[in-house]
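What follows is a pair of forms of the same protein chain, given separately as C-alpha cells and numbered structure 1 and structure 2.
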Structure 1
Amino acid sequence: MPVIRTAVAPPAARRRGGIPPYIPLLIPAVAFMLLVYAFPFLSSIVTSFLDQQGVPSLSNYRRTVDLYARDIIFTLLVSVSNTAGTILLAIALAAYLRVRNSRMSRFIGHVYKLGIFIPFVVVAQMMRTFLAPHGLLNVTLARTGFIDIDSPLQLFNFSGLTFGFMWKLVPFAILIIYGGFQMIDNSYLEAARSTGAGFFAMVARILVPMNKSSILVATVLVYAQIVSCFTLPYMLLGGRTPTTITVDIAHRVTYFRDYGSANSLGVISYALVLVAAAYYLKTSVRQYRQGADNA
C-alpha cells in the first residue's frame, strides 16, 4: 500500500476556464434562427395587436372577424375533416401492408411513397389539370357513364382541396404509422390470429392500441401541414370563396399591404395549431433528451 502523504496539502481544485466549445459552434445557427425566425414570429404577434397608428388595439381582429369569419371556419373544417380522413385511411392501408404479405401488398408498399416526395406546387398543378371541369377525371367519368357530360363535377372547392391534401398526406401518414406497426412483434399478431381474430379485430385491438403514439404524431404533423399549407389552396381555389386563412393572408399582403390584418390572421392560424404544436414540441424534446442520455 502506498503511503498517503497527509502532510502535503492537496493541490487546489482545478477549474478549466474558457468558453465551452459548444458556444461558438451553436452561435451561427442560433443567431440565424433568432434573427430570421424568432424575431419575425414575435413581430407577427405584436403587430397583430397594433392598429395603423401603432397603438395597441383589437381593431385588426375586429376587421378580420368581420371579413373572414367564414374562411376561418372553413379552414378549421378542412383541417379537421381532412386530418381525420387522412389518418383513418392511412391506418387502414398501413394495417393492410402490415398484416398481408402478398406480392400485391409488397408492390403497394413500394409505390405508395410517391406522393411524399412530390412538392405541393407540383401536386397543385396536377390537381388543376386532373380535377378541372374539363380535366381528366371528369372526362373519364363522363366517358364511363358515371356523370352527365354537360354537367361535370365542380371540384375547385372543398372536395378538390380534400382530394389534393389526401393525395399528398395519406402516404406521409402511412410512412409514420406503418413504421410504428413494424415495431410490433409478429407474435402479437399470431397470438391474436390463433384466438380467432379477423383483420378488423387485429387492427382495432392490437395494432392501433399498441401504436397510439405514432398515430398521434402522424395526426399532429398532418394537421399542422394542412393548416399551414398555402400553395395548394392558393393554386386550386384562387379567389373563390370560401378559402383558407393562408390565402387570405396573401390577399391582405399582396393587394392591400395590410400587415395588421394579415398578422391577426396569422396569429389565428397559430391558435388553430396550438394544441398540436405543444404536443409535437413536447414529444420531440423528450425524445431528443432520451437519445442524448443513451449516447
Structure 2
Amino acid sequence: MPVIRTAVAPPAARRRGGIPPYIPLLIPAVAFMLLVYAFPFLSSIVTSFLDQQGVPSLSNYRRTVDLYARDIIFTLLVSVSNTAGTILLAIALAAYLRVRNSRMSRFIGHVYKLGIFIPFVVVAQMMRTFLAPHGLLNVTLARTGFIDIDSPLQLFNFSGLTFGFMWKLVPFAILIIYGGFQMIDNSYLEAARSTGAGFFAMVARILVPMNKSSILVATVLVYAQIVSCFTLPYMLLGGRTPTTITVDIAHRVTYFRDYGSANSLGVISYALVLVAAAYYLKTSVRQYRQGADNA
C-alpha cells in the first residue's frame, strides 16, 4: 500500500521571512519593563560615576565609603543573618506541616498565610507598638515579673529589626518551601518512618535534599526583600546609627539633594543583590545540566 506523504506548510511569517505574529504583542510589556526598571537602573549606575559638574569621577563612592561604610556593613549583616534565620525557621515549620497531620499543624497551615498579605509599612507600625519601651511586649513581660518596667527591653535596634523581618518573611518563605515539600512523594516519608527515622532525620535526609531548588528560590527572594526594604528600618531605627542603606539613600536625597551619593549607595545595594542572583543562576544552570546528563 503506497504511503501518502503530506507536506506541512511553514508558518506565514517564517515562509515570508517576516516578524512572527506574537512579537507585536510583547512590545507593550517590554517597553514598560525598559521604561520603569531598565532605564532607572542604568541611569543610576551612570550618574553614580559623575560628579556635580557631570565629569566622570569616583568622588561619590569615596564620599559614600567615608560616610556610610559602617551602614553598608550593617546592611550586609542584617541581610545575611535575617535571611539565614528566616530560611531555617521556614524549613522547620514547612517540614512540620508536611510531616505531621495534627490539629496544630492544620491550624498553623491556615494562620501562617496571613502575614504574607500585610505590607511592610503596616508591619513597621505594628512593630513600633509592640516593641516600644512601654509597648505591649515590655508591659506584658513586666506584669509577669520578667523585667522591670522602669528598665524595659530596648528593641529599636538590630534585635527588633530581626524580629520584624522574620515575622514578615517567614510566612513568605514557608509558602515557597512547603510547596516544594508537597511535591515529594509520600512513599519516601513512609519508608523513612518504617526504618525508625525521626522528624529531624526525615528533614535532613529527605525533605531538604530533594527540595534544594525551592529553598534556594526562597533564600534569594527573602534576601532581596531585606536588602531593599526601607519602611521597617526607617520606622524602627529612626535616626539611630548604624542603619541600612535604604535609609541612607532617602537621607541623602531628602536633606542634601545629593543624588550622586544616593545613586552610589543604590549601586552598592544592587551589587549586594546581584551576588545572590548570580549564585542562584549558577546553581540553577548546574542543576539543569545535571538533570540533562542524567536523562
Partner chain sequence: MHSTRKRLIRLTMELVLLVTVLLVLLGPVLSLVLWSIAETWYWPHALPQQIGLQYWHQALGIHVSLAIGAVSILPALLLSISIALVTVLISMAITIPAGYALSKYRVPLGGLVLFLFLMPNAFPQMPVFVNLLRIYTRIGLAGTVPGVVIVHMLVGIVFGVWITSATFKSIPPGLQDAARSVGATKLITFWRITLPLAAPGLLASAVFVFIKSLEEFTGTFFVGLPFVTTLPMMLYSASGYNMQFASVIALVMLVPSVLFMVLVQKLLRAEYVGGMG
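Computed from a prediction, not measured in an experiment: that's the story for all the values here. Heads up, when I say rigid core I mean the largest set of C-alphas that superpose within 1.5 Å between the two forms. Along the sequence of structure 1, residues get numbers from 1 upward.
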request  = Working through the pair one at a time, identify the form predicted in complex with the partner chain and give its number.
outcome  = 1
query = For residue 54, is the CA shift between structures 1 and 2 at least 2 Å following rigid-core superposition?
reply = no
request  = Spell out whether the Cα of residue 274 moves at least 2 Å between structures 1 and 2 when the two forms are superposed on their rigid core.
outcome  = no
Threshold 2 Å Cα movement between structures 1 and 2 at residue 253, rigid core reference = no
request  = Could you tell me how many Å the Cα atom of residue 283 shifts between structures 1 and 2 when the rigid core is held superposed?
outcome  = 8.9
